[in-house]
Ligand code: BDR
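One chain comes next, on its own, written out as structure tokens in the form predicted alone.
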Amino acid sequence: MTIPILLDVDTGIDDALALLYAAASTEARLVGAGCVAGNVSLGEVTANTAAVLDLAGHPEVEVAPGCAGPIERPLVITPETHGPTGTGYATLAAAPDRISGRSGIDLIVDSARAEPGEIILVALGPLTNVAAALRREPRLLSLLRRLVIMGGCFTVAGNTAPRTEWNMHVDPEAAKEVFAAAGRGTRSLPLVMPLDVTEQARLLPHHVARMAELAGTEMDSLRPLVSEANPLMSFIANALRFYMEFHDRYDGFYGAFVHDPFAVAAALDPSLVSTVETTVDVETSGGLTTGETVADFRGAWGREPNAAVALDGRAELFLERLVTRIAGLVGRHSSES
């Protein structure tokens, strides 16, 4: 039995790795990919998503563009993190007719209605599309098997402001709507994958070298790599080189936090993380705290829990799976070239 999984992405570099992880996981059936503006513009997100899936050998997966900006705020993007087009030093191309004619919001709603209680929706970017889908279909969270959210921070520092994570920073109003709708008749509480757990997994150059080795591709370092024999490994190496340089400048280590694939991995195997059931709300009007995810761990609000927040994880096991699964995908791509 495969697990139907629907991704909602703002494809920069770690979203690309998440798409590859999903494509490489034999227990997963990738239903589609909705796109939302976040790391880069919606057009770039959509093109990147289609191109990554094509490169991974999955041109059949629907790629649907959703919201081009937040509910109330102007869009902010992060080229310093993911590069000017979202894929670092790597370049991608996608055929114009590859993009779906329906919206990412319709993709979410239609898929949930078509397979009630079956689909796991993994939101890897700002929650704009999910909030829009909830407005269209208020039963959405009860129609899904589960919602998994990559976002927020609770016991660690933020990566955008002192207490704010990027996805929540981009569209805090959308996040507030989604958490307000959660916990009321849903099949299971949304799994929240905040920085507290995703930053426990650091992808380092030796992981990428091991990935290349397992895939049968030679690579001594994360130098510029161009391989006609294996364009997928070239893409991974060149994208990650930019991402690791960013973390070297801002986080003090040459490597990368791989937030989004960890969220996909936990969606497929919840035993990878330990969670606390609590009530989560999002600050939308604080002068210093807009976008902060606030968890009521001691029950002061007296509200029912609306989230299962992951605070600890089996990071090494996840990284091992990330390396071996994507290496398998790269190896298949190489043998078919």
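Residues carry their position along the shown sequence, with the first being 1. Keep in mind it's a predicted model, so treat the numbers as computed, not measured.
The protein also exists as the form predicted in complex with the named molecule; that form is not presented, and the subsequent description refers to it.
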- Within a 4.5 Å heavy atom cut-off, is Leu124 in contact with the named molecule in the predicted complex? yes
- Message: Under a 4.5 Å heavy atom criterion, is Phe235 part of the interface with the named molecule in the predicted complex?
- Response: no
- Message: Whether Thr217 contacts the named molecule in the predicted complex should be assessed with a 4.5 Å heavy atom distance threshold; does it?
- Response: no
- Val130 near the named molecule in the predicted complex, any heavy atom under 4.5 Å? no
- Message: Only one of these stretches, 258-266, 134-142, 208-216, 108-116, has heavy atoms within 4.5 Å of the named molecule in the predicted complex; which one is it?
- Response: 258-266
- Task: Could you work out which of Ser103, Asn230, Asn159, Gln200 is the residue within 4.5 angstroms of the named molecule in the predicted complex, going by heavy atoms?
- Result: Asn159
- Out of Leu92, Leu195, Ala181, Leu191, which one falls within 4.5 Å of the named molecule in the predicted complex, going by heavy atoms? Leu195
- Note on the structure: Within 13-36, the residues having any heavy atom within 4.5 Å of the named molecule in the predicted complex are Asp14, Asp15
